[in-house]
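There is one chain below, alone, in structure tokens, taken in the form predicted alone.
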């Protein structure tokens, strides 16, 4: 004998019922079957709604009734297009009785628990009948047995308790003489000893199946639903979730208690002591393995078997110095909640006895507050304790696993990974058995928390990075293309799953919660929504994805002004925009503090030297205890390109134009040629060396003509370059006559910094600096005479993009 149960979704349509019949036909070839079915999907809710409407004198109960009728008649017609009169006749009579019941509720304006049980029983009675008759019409040996004739309970309506002695005998006697191969039984419904209709409460159909399986001592109970077993976590929130192959009874009950909808804990009880395995299978995919629940200890998935959650939680905190060392507070607290029929889901108390923290359903919070404040009214008046503190909008998440107690560091990994993603834990509970570690968090963080923990405990150490890029012009476009090109390499070799979630330019922005398709991102962006810097931030915040990274590929002050907001949301920042780090010193330090406080890295390697590891090298020197004595550098690839190509046979205007066309200068070349960009770079290096300094403290000796410095626009500036060609030729002639090269040099020494155009003599490390290369020389206590030198390409879209990419990868390796 095999016992199978099919839930509401499995029998929710004619298509799904046909799947059920096919499964039963295949199983019947190996022996007799007992098949427990739920009401047609959604019907129980409609029955309860119709009852409430009738009780409230709302004539819409007739419309709800009609929906129930139409649903059943539609399924019957689709399953049995011919030879259906007997089925339709029976169902019609049952529905007329249902309508009379609803009209009675409407007339007396009352819906008692007893009447409610009678009302909802129609769902299972109708579904079991039409399924049994359809199977018989297909020529299979089948019959329906009303479970109300077998399962006997007390009169505790809506959640009746089973009399197992009578029930087991009824089940055994019936099946010992049953002739049919397939027996269809309605789940959820039962009958009291006095003959009144009762129900078994939430998960009642599973419970019915477990009662029958235990009474018949079958080898296995199969529960068929619309998913392929119990998942490592909620697959609707975590795409990477997968079915658990084997799990223990205790683990299954823990996961079910914390929101896993596949199984309801009381279901396990009748089969638990008999060690009858439960097999969760998918009606829509019957060949998939599903999950086997038994008492067999399996560590195949590691110590953590699953992660679950419950939403709509309220946290109650009773605290006060008057509680310390005084017995009886806990007793009074829990007695009060018991009297109010409020279920306590979680308890935690500090060893100081100064506070007790409880988790309850949010719907009970107001009632709990009134009752508890009343019972402790005297202590509150005497300031011995505070009025009950109630926090709402919370959820519980739980790690579950029988073997967690045998593995060190589970709690540490859990809370560390949550902390890195700014998931604030409000309360923690862990039993001595260590089968469950529970944390209370803000409900808005549930999706991020589940994804974070699943990545930590169930995925093959692949870290997912979610990137939001603002500024997809020259450099930004190269960055997106580099990401597109290297995605597979990163996943295969560095275990980094890099997803671009958001893209924005000055006009449009687009988002894809599960990652944008980079094969046609330009076309997508063109048809995106209107760009907004604040809107881009709000979207990144609302998505609330783990390991989020904001990448700033602009030179825009308004973008830099948003950094603090991103960091406060634990969104890491990678920037080539120098404005934030060269802004007022207090703002620079604020960003550093926020980065540490919210565990959100702030990386800006490309601020100096594009893709060269200048800042990283400097930080390593300082972190290792070395002290910076001085820095000498050529930090502008743009200016180096200009002066390496400018001579007495060229025009200064032409070279500057060429530098812009090849992407070496900003769109406004005055930023580069005025020396401001170089000043910002040496300022950042000085600050990273540990010196408090602002931009106005840097001496900037400009080489531009007076007209160039006073130009009002980019076009005006270019006109001055033409008009003042003699000025620039004079600079070149002087250097040539002194056998020198013109280089724009940044210096930092003794807390002071300067930038200026200098004539560099032969033999100096800067003399032969070619193209757009940068060079930085660090003189330190460890490198007093022979400096540490970093040299290489310091400008250009590709190298800047690669520097940004390197910072992103660095975050993936943290």
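Residue numbers count along the first chain shown, from 1. For clarity, a rigid core is taken as the largest C-alpha set superposing within 1.5 Å between two forms. In this text, all values refer to a predicted model and were calculated from it rather than measured experimentally.
Below: the form predicted together with aspartic acid, not depicted.
Trainee: Is the binding site on this chain open or blocked for aspartic acid after its pose in the model of the complex is superimposed by the nearby C-alphas, counting blocked as 3 or more ligand atoms within 2.4 Å of backbone or C-beta?
Mentor: Answer open: no ligand atom comes within 2.4 Å of backbone or C-beta.
Trainee: So aspartic acid isn't shown here. In the model of the complex, which residue out of 401, 476, 204, 270 has a non-hydrogen atom within 4.5 Å of it?
Mentor: It is 204 that has a heavy atom within 4.5 Å of the partner.
Trainee: State the residue from 744, 728, 188, 604 whose non-hydrogen atoms include one within 4.5 Å of aspartic acid in the model of the complex.
Mentor: Contact residue from the list: 188.
Trainee: Using a 4.5 Å heavy atom cut-off, state whether residue 38 contacts aspartic acid in the model of the complex.
Mentor: Taking the distances in the model of the complex, the answer for residue 38 is yes, it comes within 4.5 Å of aspartic acid.
Trainee: When the contact criterion is heavy atoms within 4.5 Å, does residue 44 count as touching aspartic acid in the model of the complex?
Mentor: It does: once aspartic acid is placed as it appears in the model of the complex, residue 44 has a heavy atom within 4.5 Å of it.
Trainee: Which single stretch, out of 568-576, 196-204, 648-656, 375-383, brings residue heavy atoms within 4.5 Å of aspartic acid in the model of the complex?
Mentor: Going by heavy atoms within 4.5 Å, the stretch is 196-204.
Trainee: Of 521-545, which residues get within 4.5 Å of aspartic acid in the model of the complex if you count heavy atoms?
Mentor: Contacts from 521-545: none.
Trainee: Does residue 317 move appreciably between this form and the one not shown, meaning a CA displacement of 2 Å or more on the superposed rigid core?
Mentor: Superposed on the core, residue 317 moves its C-alpha less than 2 Å between this form and the one not shown.
Trainee: Given a core-based superposition, decide whether the C-alpha of residue 597 shifts by 2 Å or more between this form and the one not shown.
Mentor: No, the C-alpha position differs by under 2 Å between this form and the one not shown.
Trainee: Kindly check if the Cα atom of residue 199 is displaced 2 angstroms or more between this form and the one not shown relative to the superposed rigid core.
Mentor: Yes, its C-alpha moves 2 Å or more.
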